[in-house]
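Heads up, the chain below is alone and in the form predicted alone; it's given as structure tokens.
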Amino acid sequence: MLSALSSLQPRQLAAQVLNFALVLSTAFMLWKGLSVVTDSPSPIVVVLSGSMEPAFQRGDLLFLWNRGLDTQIGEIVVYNVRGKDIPIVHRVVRRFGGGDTPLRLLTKGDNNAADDTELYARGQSYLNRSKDVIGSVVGYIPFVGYVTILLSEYPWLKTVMLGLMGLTVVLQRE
């Protein structure tokens, strides 16, 4: 492999590196465009636990929509707990307010015995729909997100995968 890399002319090598940068920047722009269209900072998330079984399994890829702020009981939402960076996918079991007052939601995992008040930030007994919820689930693809789980559980896989992707792009002949 190294001999193939060293046999490339500087111009060819630069073209391959720029091609790789183009692929990465295109993926980034698609992500940001999807964020704008869905009005969600994270328009696609992966289910990380079994708390929503049987509705969603660990590794399911979820598509979110955050344009309608009138969330109903039974709707599945994804929210971030204040001070933590891990999104949680749970079902709305109660709603308070709405209209002139801010809509507040109480959520619970389908596979959990109790509601999510223990998961919320200290002193928080409900979710503020406009501040805490990052989107409602509108679709999913089963198990596709399992790659993300593997990459987060085994960080060395990220390096291997990025290295292989980089080598593939650089060594690819046009």
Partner chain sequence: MLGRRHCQLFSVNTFDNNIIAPLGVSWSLDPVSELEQRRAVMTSSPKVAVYSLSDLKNTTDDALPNYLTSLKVAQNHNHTDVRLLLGYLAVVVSGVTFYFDYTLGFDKTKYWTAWAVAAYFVLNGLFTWWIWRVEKGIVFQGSVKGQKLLLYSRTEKHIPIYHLTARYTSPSAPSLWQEVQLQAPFTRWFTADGFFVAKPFQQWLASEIPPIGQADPGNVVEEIGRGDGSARAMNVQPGRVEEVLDALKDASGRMAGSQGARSRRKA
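Superpose the two forms; the largest set of C-alphas matching within 1.5 Å is the rigid core. Numbering follows the first chain given and starts at 1. Given the structure is predicted, the values throughout are model-derived calculations rather than measurements.
One more form of this protein exists, namely the form predicted in complex with the partner chain; it is left out here, but the text below deals with it.
Visitor: Under a 4.5 Å heavy atom criterion, is residue 148 part of the interface with the partner chain in the predicted bound form?
Guide: Contact with the partner chain, no.
Visitor: Using a 4.5 angstroms cut-off on non-hydrogen atoms, would residue 28 count as touching the partner chain in the predicted bound form?
Guide: Residue 28: contacts the partner chain in the predicted bound form.
Visitor: Does the partner chain come within 4.5 Å of any heavy atom of residue 157 in the predicted bound form?
Guide: So residue 157 does not count as contacting the partner chain.
Visitor: Since only the chain is shown here, I'm wondering whether residue 36 would be in contact with the partner chain in the predicted bound form (any heavy atom pair within 4.5 Å).
Guide: Flag for residue 36 set to yes.
Visitor: Heavy atoms within 4.5 Å of the partner chain in the predicted bound form: which of the stretches 106-114, 51-59, 36-44, 138-146 has them?
Guide: Single hit among the candidates: 36-44.
Visitor: Across 10-35, which residues bring a heavy atom to within 4.5 Å of the partner chain in the predicted bound form?
Guide: In sequence order, 11, 12, 14, 15, 17, 18, 21, 22, 25, 26, 28, 29, 30, 32, 33, 35 come within 4.5 Å of the partner.
Visitor: Superposing on the rigid core, is the Cα displacement of residue 23 between the shown form and the other one 2 Å or more?
Guide: No, the C-alpha position differs by under 2 Å between the shown form and the other one.
Visitor: Taking 2 Å as the cut-off, check whether the CA of residue 14 shifts that much or more between the shown form and the other one after a rigid core fit.
Guide: Yes, because once the rigid core is superposed, the C-alpha of residue 14 moves 2 Å or more between the shown form and the other one.
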